[in-house]
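One chain is shown next in C-alpha cells, namely the form predicted alone.
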C-alpha cells in the first residue's frame, strides 16, 4: 500500500514514476484483495495510468532515485532484485519497517537495538546512498502532513549529506517543512526511528487511528 500512495503522489507532482515487482504478470493477474484488504494492483493501475509497473531490475535501471516501500521483513531480498549495479551512486530512500506480525499487534521488529533495516541496506549495497525517513508516520500522512492538524516532526538519517538534501527535497514536495525534519546523523540513527514503531502501533490501537505523529519539544535551558 505504501508504494502505491507514494507513487501516486509523486506522479501527481509531475515525476515519472515506476513501481518494481518480481513478476509484473503475476502482480497484474491478481483479482482479490490481499490480507489487509488492499485492492488488486490491476484495479489501482487502471486509475493511475501515469505509473508504470516493471520488473525490479528494470525499475532500478530506469530510476534516478529509488524508494524502498516494500515489506520490511523482505526488503533485503526485494532490493537484491533491483540489483547493486542499478543502485550504485543513487539515493535510496528507505521508508520500510522490519515488522514481525507473527504474534499479532502491536508488532515486534525483526531487527532492533544493535542494528536496523536502514543499516542492513547500506551494508548490503555500499555504493547506494541510503537515507532513512518517513517511517514514523502512516503512508497517507507521509505524502500529506496536513492530514493531521498542528505541528509535527519527521526524522532523517543517512551517511551521505548530499543524499539527505535530495530526500529533504522530496519531503518538502509532500508538504513537510525542513525545520520540522530532525536530522539523527548517520544511518545508525535509523535504529531509534525504527524502534519507535512499537509505541506507534500501540498508540494506533489505543486511539483507533493510524493518523498519529510526533511533535518534539525542547525545554528552554537558558540560565541553567
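Numbering follows the first chain given and starts at 1. These figures come from a predicted structure and were not determined experimentally.
The form predicted in complex with a small molecule exists for this protein as well; it is not shown, and the discussion that follows is about that form.
Chemist: Pick the stretch from 106-114, 120-128, 93-101, 143-151 whose residues have a heavy atom within 4.5 Å of the small molecule in the predicted complex.
Modeler: That would be 93-101.
Chemist: Is it the case that 15, 65 and 162 all touch the small molecule in the predicted complex, with a non-hydrogen atom of each within 4.5 angstroms?
Modeler: Spot residues vs the small molecule: no contact at all.
Chemist: Should residue 181 be classed as touching the small molecule in the predicted complex when contacts are defined as heavy atoms within 4.5 Å?
Modeler: So residue 181 does not count as contacting the small molecule.
Chemist: Consider residue 30 of the chain shown here, and say whether it contacts the small molecule in the predicted complex, taking contact as heavy atoms within 4.5 Å.
Modeler: Yes, contact at 4.5 Å.
Chemist: Taking any heavy atom pair closer than or equal to 4.5 Å as contact, tell me whether residue 87 reaches the small molecule in the predicted complex.
Modeler: So residue 87 does not count as contacting the small molecule.
Chemist: Counting only non-hydrogen atoms and a 4.5 angstroms cut-off, does residue 70 reach the small molecule in the predicted complex?
Modeler: Residue 70: yes, in contact with the small molecule in the predicted complex.
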